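Just one chain follows, in the form predicted on its own, and it is written as structure tokens.
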């Protein structure tokens, strides 16, 4: 049996962890630069607050309903997610972290009553982290996804166990095709054209015929819907083959220096991600553009080749700045830029060229010290001078909550007496 544990309205719930006064109240979280709504508490959903809606369009409506609005605080969300995942690892020897708020757990061979065990997981996460979750348990990952949906939408307890064909068939008949894991809107329309409109109809379809009409992934989904495991737990996710860091600016800029600060910051963040998976990259993809809704739209990009495969932030920043200086156009009001690390390879298996210098051990030691300090004392404890200290290049986060878990100044204080 497989369990899927999924945090309820993860980002909104994270904002409520250190603000018990907000529990049971409508809360929303905005995207970078306070652009669109990306998370809503259950109470906000009940008010009809739409997802992915530009904030400025419904700001008056949110004020009228006294909705609490927060800027995205991804450092806080990441720390709370790590606490949730660390807690879940105590409940199974085999797990797969599927996303920042979801984890699969293998319950094979466990003698406990699965419903009780699911309740124990749910209660433990609330007691230890104050994170509400739904727990879905079933024979396959796809059915566990459906069970998790039932745990959140149908079962008051927040735990659903689909351990017999009767149970999962009952649920499948009530769920549209697009509620199935891996079936998006476009694929759903193609299946609708074949007369398949709900999960049960797909489960009963001829798997070989559907494979010819779509792909082998849908054939596997059909097997999974019938209780036959076809998708194994991925305990060691493969390293990323490309790493991108892009942002829209909090305030548009025509300054070359500000544009270079932007790309330096993104390059440093990308290099840190590269080192976290013990990889090297050989090429950089750089781009920048102005607002397409303004006259004189300008968009440009280029690829920079590094002198050798590297994870050195200083080298990556230097080449990123050189490339962005070529992209820059005087007078253009830039709205967004970004960097992509390409041609990524596993450092463990990299063989250096005999005639080409490579990254030396002193660089590795320096990067290790920087990463270690930032992990211990919080991101940006150490930064590169090219990133700048302050300025208009920083993101607009007018409703940012304190970094309760990642800043000494924001550690909650308790008054006694």
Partner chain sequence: MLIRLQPAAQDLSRQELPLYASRVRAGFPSPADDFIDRPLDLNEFLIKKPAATFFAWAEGDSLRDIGISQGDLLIIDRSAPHVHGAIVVAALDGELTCKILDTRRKQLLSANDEYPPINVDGREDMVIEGVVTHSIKRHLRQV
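Heads up, when I say rigid core I mean the largest set of C-alphas that superpose within 1.5 Å between the two forms. Residue numbers count along the first chain shown, from 1. The model shown is predicted, which means the values in this text are computed figures rather than measured ones.
FYI, the form predicted together with the partner chain isn't displayed, but the following is about it.
Contact annotation for residue 384: none of its heavy atoms lies within 4.5 Å of the partner chain in the predicted complex.
The closest heavy atom approach of residue 83 to the partner chain in the predicted complex falls within 4.5 Å. Residue contact check for residue 380: one or more of its heavy atoms lie within 4.5 Å of the partner chain in the predicted complex. The partner chain is not drawn, but in the predicted complex it has no heavy atom within 4.5 Å of residue 123. Considering the partner chain in the predicted complex, the lone stretch of 358-366, 60-68, 42-50, 371-379 in range is 371-379 [heavy atom distance within 4.5 Å]. With the partner removed from view, the residue among 169, 130, 190, 211 that has a non-hydrogen atom within 4.5 Å of the partner chain in the predicted complex turns out to be 130.
Taking the partner chain as positioned in the predicted complex, the residues of 1-31 that bring a heavy atom within 4.5 Å of it are, in sequence order, 17, 18, 20, 21, 23. Relative to the superposed rigid core, the position of the CA of residue 371 differs between this form and the one not shown by 2 Å or more.
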